[in-house]
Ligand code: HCA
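Coming up is one lone chain in structure tokens, specifically the form predicted alone.
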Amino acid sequence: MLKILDTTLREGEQTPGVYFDLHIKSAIADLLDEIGVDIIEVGHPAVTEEIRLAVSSIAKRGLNARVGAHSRTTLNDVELALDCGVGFLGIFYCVSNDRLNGVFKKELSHAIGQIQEMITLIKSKNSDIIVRYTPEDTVRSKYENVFSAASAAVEAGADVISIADTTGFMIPGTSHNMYDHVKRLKADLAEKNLFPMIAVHCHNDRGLALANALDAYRGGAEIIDASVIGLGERAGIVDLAQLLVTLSSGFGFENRWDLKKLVELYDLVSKHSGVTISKNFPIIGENAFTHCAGVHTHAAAINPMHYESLDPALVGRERTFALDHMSGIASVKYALELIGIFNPDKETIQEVLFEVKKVGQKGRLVDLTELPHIVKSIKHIKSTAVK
């Protein structure tokens, strides 16, 4: 069964300038749990004492989700993470030739030995913990290195192998794509009678993180990493809301998650991260379910599906109709009906439309609270002109 790992509290804090206080981290974790996320990755305990305390505190909250920690493949990092009482621990070690030779100054065999040693230690201290091994920059590393390290990790007790597209390198439909990479790794591991869960961690450098994650799922991935607003290094990773809504509406996962809590979650994370949600952001953005152009509003007022592929009620939102310089007679008439003015004469509609367009040309919208004032002003001008 597909699992969702949210890493807003770990990868998300790698966004420049983003830090969440403990009480906010706890609130975010609670909302993620209520939504139905399977794994909540809280942080890397060795980075700061505050992060260690947060991981330990949230691990003790009694959430339905597994609480996870992130760790280098070193004894100190691993022991700090284990002491936090987490139910999920991800270790990482890049096995590309460039990193092995240029950074670690180690042979592949030595790296694999260290990976196995740490996994064996983790499992000896907590046999129930889920252990993930990530060959960092998986997709650009020599495949034979990745396969050797992954095989050894599973043999040592790793439950999950994560394919990390650390730089957003993968492109669906090309020779380097997630679908083929997942299929190949699963098949090769199966030939050795090894069947770990396959996770994917997709960065968004080319704007393809979600597409790559879905490509990976089609290829057999069982865990997808995501974060709120797609927070993370550089351009971030897969956006949680877009992932859950797409899986719910397109891949047969209806009613798996409580999507109506997404708006509350995004408001909380946006406020305390300082990262503004753009108006045209899918699903959550202010304009995501707002119709503007005259043709659009006319058709959507009759049948919203003419210009929508998602029902806003899915995430607890409502569709809206904006009035500006792009509006037409039909949209004005519909807006007037929404404020209780039915069957207005053509002259009134034209006069309201004229005023709406004037406002719109200044770069401003007319909402339903302003529209009555426009109508009242027009009536007043008419009445005084008659006198």
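Predicted model only: the values in this text are computed from it and were never measured. In this text, residue numbers run from 1 along the sequence as written.
From this point on, the text means the form predicted together with the named molecule, which you will not see here.
Checked against the named molecule in the predicted complex, the candidates E136, D83, D311, D159 yield a single residue with a heavy atom inside 4.5 Å, and that residue is E136. Of the candidates F92, F289, F281, W257, F92 is the one whose heavy atoms come within 4.5 Å of the named molecule in the predicted complex; the others do not. Interface membership of R10, defined by any non-hydrogen atom within 4.5 Å of the named molecule in the predicted complex, is confirmed. Q14 belongs to the set of residues with a heavy atom inside 4.5 Å of the named molecule in the predicted complex. Contact between T166 and the named molecule in the predicted complex is found at the 4.5 Å heavy atom cutoff.
For the named molecule in the predicted complex, the listed stretch (75-83, 105-113, 180-188, 201-209) containing residues with heavy atoms inside 4.5 Å is 201-209. Shown here without the named molecule, the chain has only H70 in 68-91 lying with a heavy atom within 4.5 Å of that partner in the predicted complex.
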